[in-house]
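The structure tokens that follow cover one protein chain in two forms, given apart as structure 1 and structure 2.
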Structure 1
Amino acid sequence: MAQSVGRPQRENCGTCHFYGGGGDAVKHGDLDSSLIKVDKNLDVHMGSKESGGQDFTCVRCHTTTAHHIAGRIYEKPASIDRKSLLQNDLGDKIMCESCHGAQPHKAGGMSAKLNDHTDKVSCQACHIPEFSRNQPTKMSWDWSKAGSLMDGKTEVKNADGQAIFMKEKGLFTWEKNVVPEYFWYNGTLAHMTTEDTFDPTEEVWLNRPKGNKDDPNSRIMPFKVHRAISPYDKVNKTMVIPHLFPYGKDDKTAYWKNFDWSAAIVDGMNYAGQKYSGEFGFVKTNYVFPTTHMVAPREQALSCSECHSKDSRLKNITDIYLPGRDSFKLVDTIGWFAAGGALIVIFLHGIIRFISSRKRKED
């Protein structure tokens, strides 16, 4: 056994991370089993040498010291240090700058303008145009439909073999080639607990990216947003913890055995030591996953018009002025008058030049 020990390959890490949430591509839109043997067009870093990729394993970036695996979105934001491999000191956090530097594009021309974006726009925002480009990922989950049947069946699958309904869990939707949603992000997420209250008439964000336009460590970042309809405490206006998985044949409260939400929630909340009013309902919830894998080849990076247009991808980013997307009537009016005045001046200048040339010929 000792002689078989070696550096972990993508299969090792993927055993958990590709199948998180109960199946392949369920949880993360940018991590699934297609990354085990992958073409450059799906991920330039992990793509095979034959396809022109770098053939990186996970530990090429997620370096490890004494079982401490480098990450970027947990206790301490990576953006605080923004350390670089170019400085021979990565530390325990990973950013694109770790390898590519803060000015990743070639100097001069349009590349210079692209480098101007790196203080506000993450590399992932432009270089991961869609996620789940090889196989669908689960995008929604309706718990309120659990406990019943669909067309008399306890489970229904789509043409790709993914469950779109299960009696134990409810109704699902799956999507492929998904355009991310974009938020300001400083490397950390805010999480809701069972003690946090909310307005059930609005969508409840179980976690949310932290950051804003005035934070020098924040960048516009792409995310998968998983939407669900989840059980909650109607009186206390808090999320609940139902007891789902049966722990024995005599389990009288597990939802996946008895399909009784009331009993499952009472038992789960008691076990967790949380307050529960005894009344439950269902509320719309959102959960975000940062999108940082499945980096596409540079030829597939977003064009300027993807963001700088009326149909901008950055519709969630409303606290900044975005040329091509936004407009101010006063500024637009002044601009049109200036453009019109310039045309008039050019026209008059042409007439004067024409008249002057005619006079010179007559003389």
Structure 2
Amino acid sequence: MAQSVGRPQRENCGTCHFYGGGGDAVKHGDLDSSLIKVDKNLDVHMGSKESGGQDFTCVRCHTTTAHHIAGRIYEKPASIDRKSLLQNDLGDKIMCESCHGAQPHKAGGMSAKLNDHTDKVSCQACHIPEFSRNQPTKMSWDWSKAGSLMDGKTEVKNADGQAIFMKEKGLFTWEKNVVPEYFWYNGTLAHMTTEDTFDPTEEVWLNRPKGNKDDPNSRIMPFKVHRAISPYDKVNKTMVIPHLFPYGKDDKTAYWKNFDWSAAIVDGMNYAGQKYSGEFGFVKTNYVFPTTHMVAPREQALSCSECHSKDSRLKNITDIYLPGRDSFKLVDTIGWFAAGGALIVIFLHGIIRFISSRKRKED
């Protein structure tokens, strides 16, 4: 045992973090067991040396100070300063900029244009073209379908062997090579608690990236958005915390033992010390995960037109003018109308010239 003293390896972190949400690749689109042994194609940093990667362990970037591990994001950003490691040798190495700097691309020509983007576009936005490139991740979860059977079965699996229905949990969908959704992000997420009320007729964002276009610390960042149908308090219009996992054989309230939402919510909310009206329903909820691991080799970075086109990936980013995507309907209409008008005028002018000159010759 003593021989194994050393720095944490991928398995140490991955045993929990690769299996978040109840199984491999469930929770994160960019963290799953593929990273235990990985080639450069999936992750340039953790990829093996043989495949051309850097063979980094988790703690190579998630540096620590007195056991505090850099990289958690609730109300505080992973790193406050966007600065290069060269500028601060003792700083957290958690940002891309920590090692790559703020102007990582070559100077000159269109490469310089890429450097121009780093003030508003995160590295991840272009360098992680899709997430879950090796294993499918869970993209949706309908809790309201839990508690009954599907086709008489307690569990139904898809062709890949992943459960798409479980009596305990409900109905799921899994996706691979998922194009992320993009939001302004300053490194922190706003979280909803059981104390926050909402409008149940709309999708409820249980967490949301913070940031905006005018904030110098905000960048456009890729996210996995996990969409679910979750239990909530119909009267108080708040989320609820159901008691899921049974304490033991005699547990009379745990949902995964008794399949009674009402009892599970009463017990869970009671345990958390939160108010519950006693009436629950189901509401559409969204939960976002920043996509930052599994950086692809640079050859796979997005081309300009992935964003700069009518079919732009940046559908959520509506508060900026994006060349190639945005236009001015009125000016476009007037402009093409005028150009078309000019064409018609010269066409008619030419016809009359032609006919009149023919006539003159005949005369």
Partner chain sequence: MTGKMIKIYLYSKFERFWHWFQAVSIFLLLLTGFEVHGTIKLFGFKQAVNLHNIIGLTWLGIFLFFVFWMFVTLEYRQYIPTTKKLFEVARHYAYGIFKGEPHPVEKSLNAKHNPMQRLTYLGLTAILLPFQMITGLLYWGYNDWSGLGLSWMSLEVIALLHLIGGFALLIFLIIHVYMVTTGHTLTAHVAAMFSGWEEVHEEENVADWEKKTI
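Definition used throughout: the rigid core is the maximal C-alpha set that superposes within 1.5 Å between two forms. What you see is a predicted model, and the numbers here were worked out from it, not measured in a lab. Please note that residue numbering is based on structure 1, beginning with 1 at the start of its sequence.
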Worksheet entry | Label of the structure corresponding to the form predicted in complex with the partner chain | 2
Practice prompt. Have a look at V156, K237, N115, S327 and flag the one at the hinge, given that one rigid part turns against another between the two structures.
Written response: S327
Item to complete: Quote the angle in degrees describing how far the smaller of the two rigid parts swings relative to the larger between the two structures.
Response: 53
Worksheet item: Once the two forms are fitted on their rigid core, how many angstrom does the CA of H349 move between the two structures?
Response: 20.9
